[in-house]
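Here's a solo chain for you in structure tokens, the form predicted alone.
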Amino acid sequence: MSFWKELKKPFFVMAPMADVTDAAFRALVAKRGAPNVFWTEFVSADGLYHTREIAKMPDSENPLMRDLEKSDAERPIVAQLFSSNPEMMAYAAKLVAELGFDGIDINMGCPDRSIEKQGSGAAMMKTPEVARAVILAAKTAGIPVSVKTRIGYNKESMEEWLPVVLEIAPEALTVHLRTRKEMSLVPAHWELMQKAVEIRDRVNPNVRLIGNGDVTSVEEGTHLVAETGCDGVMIGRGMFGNPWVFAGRKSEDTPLEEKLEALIELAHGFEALTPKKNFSILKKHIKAFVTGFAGAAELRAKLMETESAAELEAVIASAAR
């Protein structure tokens, strides 16, 4: 049986976020209160094919394979892929299955222009036939397939778009409650979640439906599930500076010492990723962890200048004296 069928309502899942939900961050979250489902950063299916089959790049040097690293503490875990090419998706899906992932998620909502130029991400909403073919290709790997999308491209069009996905019976469907045009510039339209539920119930009631957008706590998500009728909630930015979010803890309830210890742990884990990522990527986490207390701005400024986990740890230790 698919793990999706075993999840009890309401359930909470980790949002896939580029340069955020890497192996180091997922390990941090897993130790402090795991979500019901982990998600990787999104990975290019086309890129996986070309780096491994054409360029013959060793996996140890391949940044795309690094993004598919995982541990047994992260279960169930879904690898998010993007592509507008069914053949490339089938290749990547098979690879993900061989790597031991519990599921595949297809990104059909990313608004990044470079992704859309490939016909992927949010651009998939413009090409429903291609979207169907890509989902069917992913299913050939034999592990659960889910989809993450938005309520529409330039305007809300769930009545036209969601059935395209639901009719092919993914195990789960995550709906980011904004259009592609809105990006993340307006509040998520949770008032539309009930409409999405009604469409799901009519077209394919067996699909687990997940709401996404602006949820920062389990308490808030539980209320929204009860209010709208969806099955689960995806939390994204609510994880920033709060790897305890899935344990039900709010950021303001965590002592500063614990937050700084978590940041140090994350920095060392981040530095251990192979191939390495630029340490400056960690700055978004520094901003999230080091805020809301006397002297935060000064400490944050110093941490922003660090270039290694050891330097970061030394600055925090000096500030604690």
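Each residue number is its position in the shown sequence, starting from 1. What you are looking at is a predicted structure, and each value in this text was computed from that prediction instead of being measured.
Although not depicted, the form predicted in complex with a small molecule is the subject of the following passage.
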Would T179 count as a contact of the small molecule in the predicted bound form, using a 4.5 angstroms cut-off between non-hydrogen atoms? no
Given that the partner is absent here, does A196 sit within 4.5 Å of the small molecule in the predicted bound form, heavy atoms only? no
4.5 Å heavy atom contact, G103 and the small molecule in the predicted bound form: no
Would you please decide whether D214 lies within 4.5 angstroms of the small molecule in the predicted bound form, comparing each non-hydrogen atom pair? yes
The one residue among A137, M234, L166, I77 placing a heavy atom within 4.5 Å of the small molecule in the predicted bound form is M234
Sort through M17, M304, A24, A309 and report the residue having a heavy atom within 4.5 Å of the small molecule in the predicted bound form. M17
Can you work out whether the small molecule is within 4.5 angstroms of a heavy atom in all three of F42, K148 and K284 in the predicted bound form? yes
Could you tell me which of 126-134, 234-242, 86-94, 156-164 sits within 4.5 Å of the small molecule in the predicted bound form, going by non-hydrogen atoms? 234-242
